[in-house]
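To begin, one chain is listed below as structure tokens, in the form predicted on its own.
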Amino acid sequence: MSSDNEDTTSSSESEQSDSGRDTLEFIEKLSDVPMGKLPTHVDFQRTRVDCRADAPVHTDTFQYSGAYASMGVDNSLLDNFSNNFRVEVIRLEKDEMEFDMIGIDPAIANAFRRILIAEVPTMAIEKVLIANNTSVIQDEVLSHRLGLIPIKADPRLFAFTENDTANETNTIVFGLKVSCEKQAKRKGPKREGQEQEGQTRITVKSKDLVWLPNGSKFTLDSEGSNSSSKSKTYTSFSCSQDSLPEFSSNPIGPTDGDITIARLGPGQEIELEAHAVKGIGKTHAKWSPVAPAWYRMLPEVILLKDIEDQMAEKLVATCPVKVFDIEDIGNGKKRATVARPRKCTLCRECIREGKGWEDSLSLRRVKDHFIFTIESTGVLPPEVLFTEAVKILLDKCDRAINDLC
């Protein structure tokens, strides 16, 4: 009897094993679960953000290399990056650049943005020596305003100061001496910034900052100094900066000469020296080389159904950035087309009219395609800023690898 039970048990296990094997073979042969390739709906979730009327879905990214191992798909970030990454420049102007970063993870795109804002070095005014300030602006506020003026000087030609003495390799010196004479004593033509004849105020602007290539002119007060010896100043320049080839043909100064520093009334005067040094935006925002540096995922607008006649006109009128156009398809009929998908801000106004619109139109974002915009303050061209950001990220990666080895 026990022998019959054992035979029955082994027969049952064999049947279950054969059944499981048959089931697995059946699943592998299904057309919608291909091995070595993701199903359409899974690939859509991996590569697109679906922007619906209430909220976007599938916003997360799958960074684990074995996320799709059961389907025979390698999700390795490094392999995808090395095979698919490319940069396409869309628009390049003097101080602004727009380009596409394709085949990249959001974390790396954000790393470039943060490096541009906080880690690409520039030159900015750090020390202000005020000899005279009788304006209504306090010394601290005046110094802060001077610090925020972008300086057009290549920071790659200068060294960080740290605790070193200010010299021609790490410091730029500017002088500012402006006064507003009283009305009775004022002679000659009206000064630029004086709106009308007889106006009793003048505007001090960034163009009034004068580059001093020989260094500071203010002398240090020291007891027992020998009057016959050369007076010591706040800098120790061994040569004039304008004698150096990198500066002789490219004078240093503010990027914009029309930045207002102060307003002076009759009898008021400002006399000071401003020393600019090399720094990064992580220390203070005045060293940040970009105004905004931002990115957004590439929008994708798909018409799931033909939208014609009055509905097409309503769709075109609904979109605030004019993504859609109307084309004539003959026989007096019109049809909506997607003309400018890149302009789409995904405000979703076009699909908020009701369920029918959401069934006819799909708004998406491509997860690995970023529209990146850099607006420089004028310190360096935007393409140079991006190149420097790439170098900094590479240096960070090298240091991380060396620390792990």
Partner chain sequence: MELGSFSDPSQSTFSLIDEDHTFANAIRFTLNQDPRTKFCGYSIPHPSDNRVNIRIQTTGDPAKDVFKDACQNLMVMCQHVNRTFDKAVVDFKMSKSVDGMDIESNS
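Residue numbers count along the first chain shown, from 1. On a predicted model such as this, the values are computed, not experimentally measured, just so you know.
The same protein has a further form, the form predicted in complex with the partner chain, not shown here; the description that follows concerns it.
Asks: Taking heavy atoms and a 4.5 Å cut-off, does residue 85 contact the partner chain in the predicted complex?
Replies: Because a heavy atom of residue 85 falls inside 4.5 Å of the partner chain in the predicted complex, the answer is yes.
Asks: Contact with the partner chain in the predicted complex for residue 206, defined as at least one heavy atom pair within 4.5 Å: yes or no?
Replies: No.
Asks: Consider residue 112 of the chain shown here, and say whether it contacts the partner chain in the predicted complex, taking contact as heavy atoms within 4.5 Å.
Replies: Result yes; residue 112 sits at the interface with the partner chain in the predicted complex.
Asks: Hey, in the predicted complex, is residue 291 touching the partner chain, heavy atoms inside 4.5 Å?
Replies: Although the partner chain is absent here, residue 291 would stay clear of it in the predicted complex, with no heavy atoms inside 4.5 Å.
Asks: So, a 4.5 angstroms cut-off on heavy atom distances: do all three of 91, 119 and 399 pass it with respect to the partner chain in the predicted complex?
Replies: Every listed residue reaches the partner chain in the predicted complex, so yes.
Asks: Among 57-65, 37-45, 332-340, 350-358, which stretch sits within 4.5 Å of the partner chain in the predicted complex, heavy atoms only?
Replies: Checking each option against the 4.5 Å cut-off leaves 57-65.
Asks: Name the residue from 130, 157, 285, 108 that puts a heavy atom within 4.5 Å of the partner chain in the predicted complex.
Replies: Selected residue: 108.
Asks: Mind listing which residues of 318-352 have a heavy atom within 4.5 Å of the partner chain in the predicted complex?
Replies: Read in sequence order, no residue approaches the partner chain (within 4.5 Å, in the predicted complex).
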